[in-house]
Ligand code: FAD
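Take a look at this single chain in structure tokens; it is the form predicted on its own.
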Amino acid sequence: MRHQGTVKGVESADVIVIGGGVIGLAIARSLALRGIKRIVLIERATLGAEASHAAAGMLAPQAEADGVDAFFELACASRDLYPAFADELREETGTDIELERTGTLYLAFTKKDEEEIEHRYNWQQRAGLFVERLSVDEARRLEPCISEEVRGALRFPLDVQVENRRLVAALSISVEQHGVRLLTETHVKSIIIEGGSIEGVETSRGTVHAPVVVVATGAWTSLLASSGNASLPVHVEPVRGQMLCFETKSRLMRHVIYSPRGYIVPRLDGRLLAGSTTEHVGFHKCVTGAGIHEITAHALEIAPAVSSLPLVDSWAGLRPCTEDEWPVIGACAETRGLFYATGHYRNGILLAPLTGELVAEQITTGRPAPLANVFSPERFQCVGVN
């Protein structure tokens, strides 16, 4: 197959990372820290402009889990990396990613909600996890703004939050400082595969040759084609999530607050994020009247005082969802040099530091970490795409 000329100034690399969200950036950084010198990261738009920008930044595996499984263990392991991760990024870049460690409250408003939080408390207690059951009075002492309709609450002290847009900024600075070559506004036309091995990628600017390619393209993964226009063997669907942003003159609350229907995330600068919807609408990334109504209703259920706050912003993002809603992390056995780090769905921010470590470890050592085995693309019967 004839390829167009090489990208100006970049003829070859040791590793190409396709995708410049937090997942791709974290992988590029981890590779650089392991001594990989020639890393090229290719992003179709600007760094972190899609799901990474739209997220709420919650690091809350305990608040969201219904039981212990491999995904829960992955999520908790990545959450627990964040204190050191945040310190390292601050030291490297001078950027504070605002890791806020106040914790998360989970509120019950109905009998069904009470049964849900009781179940959550019981299994997490049995698993030896850090969780607190609060009376209504205890919950209201922590957060006086919550509704008088609350019937019970849990507190998860280890479930925290980060300012995801500052995280993107810090990672972007870090990878540049570590010598990663960034190609933004660059479309990957195809992955070049010859004889069952990766040869590089063909882009809108030309061809870059490399023996290793990491697909970290989020919701756009299934649109990426290999040479010969064959589809890649992992299917990822975009799932729209809408978000609202309110403004407070002083912080209305300190905890991230969940209900079974929505959540509110207080930022250090006084903003209050509320979300979110889950919509299977393809690539239609827009805010709708129905979405605003739904999110507002759920926010008011949690804290009626939100009704007096000005709505200052709204946005939508596209979460990347696989068939089983678990991420795809690791090598495709039938195509040498092809790695996946995609399909993180609602947990891209949470899983970024650990995904970076797991992918970089497998690339540099040739061995997957045991924690990553269950998330291998092989579970989808990965086949060669040459």
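Quick caveat: nothing in here was measured; it's all calculated off a predicted structure. From 1 onward, residues are counted along the sequence shown.
Keep in mind that the form predicted together with the named molecule is not shown, yet the notes after this line are about it.
Remark: none of the three candidate residues (79, 327 and 368) comes within 4.5 Å of the named molecule in the model of the complex, counting heavy atoms only.
Only one of 128-136, 237-245, 106-114, 174-182 lies within 4.5 Å of the named molecule in the model of the complex by heavy atoms, and it is 237-245.
Site annotation in the model of the complex: the residue of 349, 331, 354, 40 reaching within 4.5 Å of the named molecule with a heavy atom is 349.
Contact check for residue 252: every heavy atom lies farther than 4.5 Å from the named molecule in the model of the complex. Residue contact with the named molecule in the model of the complex: residue 339 places no heavy atom within 4.5 Å of it. When the named molecule is considered in the model of the complex, residue 220 lines it closely, a heavy atom lying within 4.5 Å. At a distance threshold of 4.5 angstroms between non-hydrogen atoms, residue 322 is out of contact with the named molecule in the model of the complex. Along 263-286, residues 263, 276 each place a heavy atom within 4.5 Å of the named molecule in the model of the complex.
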